[in-house]
Structure formats: structure tokens, C-alpha cells
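We begin with a single chain expressed as C-alpha cells, specifically the form predicted on its own.
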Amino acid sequence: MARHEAFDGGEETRQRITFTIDGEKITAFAGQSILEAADAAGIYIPRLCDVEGLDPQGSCRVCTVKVNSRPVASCVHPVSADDVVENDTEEIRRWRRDLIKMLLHEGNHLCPICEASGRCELQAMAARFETLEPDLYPYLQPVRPVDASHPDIMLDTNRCIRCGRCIRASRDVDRKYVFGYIGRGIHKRVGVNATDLAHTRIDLDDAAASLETCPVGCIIRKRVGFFAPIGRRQFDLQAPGDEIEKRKGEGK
């Protein structure tokens, strides 16, 4: 899936602008988000709720940067000419570490027994920011029912980080509206539009059920758990953002 384009027409019709990220001059198109412009330039901005193929939502705030000294979510904030963007500073890295810690403590993320271990973006992000060790934040340890009613797909919202990727995929790509938010505040969680998953129209071929959509172990495809041995899993082989940072070296 390719990211939804924010523009109409070809590149020749777009206005080019320049701005800086951490002192590096970047050329972008007017109307691009900061995250899109950074990706194109080979500069990685960490993110969890944003993914190729889905419109940005700006909910996880892991992609927060400073623009002209003001914090913004880079996935939804359009870049402007001469913007001064801070992305890789100790202050911002501290913000991101705290956000990742809170997500880990709000759910039940038992990595050694999770089917998504090795391809979990939250786990990989925690390793990138060295936040896997216990912290002062209390573990909330939610107790939510696991929905294993569907013959091919399981839903475990104890692991959910409320990124909304399954909601947007089901709504905008599959056009089935299977997933949606239930509750408010700390009780907010993902639910389905039927009594259980078996009574929805979700299918293994749906974008909402793809391995790339859920960044954690919330939506699990049955019979494909523990798909690769340790050392050969997705994030054993490369860290999040490696494919973006390679673009700079390739001159893209």
C-alpha cells in the first residue's frame, strides 16, 4: 500500500520550499507533512500510529517534533518555508521515551510469550530508545476479554495502544467499518461492530488484518504465531526507520 497523496497533479505543478531539520536544509513540497518531507529526505522521525497507506491521525505523538520552538505532531503538521524543525534532540528523545514507557505500562505487553514479538513496532521502538527495563510508572494491567471467536483472526485488546490503524484500514481501505473506539479516557479501547469478531465481515485478505497494520499483538492471525526464530524476525534484521535512513545514503 502507498501512502495517501496529499496533492493533486504531477510533481511539476507543486511548489517547492525549503526548511531545516536539526540544522540540515531540506527541500519539500508545499502542503507535505513534516514527516513525509523527512521520509523523502532520508531522515527518520519515529512513529507508531502512522503507517504507509493510511491517512495520518496524530494520536500516538511519538512523532512529535519542535517547529519554530513549538511542539507538533509531524505526521499531521504541514511544513512551511523556512521552518526550523528539531527532531533528534535530548529533550525530544526524552519525550518519546516517556510516551513509549507509558504505552508499555498501560497494556499487557509480555514480549516473550507474544505472537508479535520480533515484528512488534512498540517493542522495537522501546529497544531503540532503551526503555525495556522496569520504570517508576505503575503497570495498569488491564483485564479485557480476548475475542477468539473468528476462525482465522484473534483480537486481544489487552495489548492495544489505540493507534487507530485497524480502524482506518477497515474504514478507508476495506470499506467494512469493522473496528471503532469504545469508551472514553483511560477506558477507551477498540471494539467491533458486532457481538464478536466472528459476526463481523472481517477477512484474512483485509488490510485491517494484515501483519503490517497492527503495530503490536492486538490483532493476531491464527496459525501463523511465532512465525520466525529469534535472530531472523523482522526487527532482529533491521531497526525501525532503517529503510528510510538508507534513502539518504542512496541519494534519494
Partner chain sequence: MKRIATVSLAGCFGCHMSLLDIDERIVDLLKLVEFDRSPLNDLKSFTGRCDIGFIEGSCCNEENVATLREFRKQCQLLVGVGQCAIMGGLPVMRNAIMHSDEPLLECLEESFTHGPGVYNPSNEIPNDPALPLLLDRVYLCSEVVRLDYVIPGCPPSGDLLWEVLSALVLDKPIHIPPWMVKYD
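Numbering follows the first chain given and starts at 1. Since the model is a prediction, treat every value here as computed from it, not as a measurement.
Keep in mind that the form predicted in complex with the partner chain is missing from the display, and what follows is about it.
Asker: Please identify, from 147-155, 164-172, 81-89, 113-121, the stretch that has a heavy atom within 4.5 Å of the partner chain in the predicted complex.
Answerer: Only one stretch passes the 4.5 Å heavy-atom test: 113-121.
Asker: Give a yes/no on whether E243 approaches the partner chain to within 4.5 Å in the predicted complex, heavy atoms considered.
Answerer: No, no contact at 4.5 Å.
Asker: Can you tell me whether D236 touches the partner chain? I mean in the predicted complex, with a 4.5 angstroms heavy atom cut-off.
Answerer: D236: yes, in contact with the partner chain in the predicted complex.
Asker: Has each of A30, I34 and R47 got a heavy atom lying within 4.5 angstroms of the partner chain in the predicted complex?
Answerer: Contact check failed for every one of A30, I34 and R47.
Asker: Even though the chain is shown alone, can you say which residues of 136-167 have a heavy atom within 4.5 Å of the partner chain in the predicted complex?
Answerer: The stretch 136-167, when checked against the partner chain in the predicted complex, contributes Y139, Q141, V143, R144 at the 4.5 Å heavy-atom cut-off.
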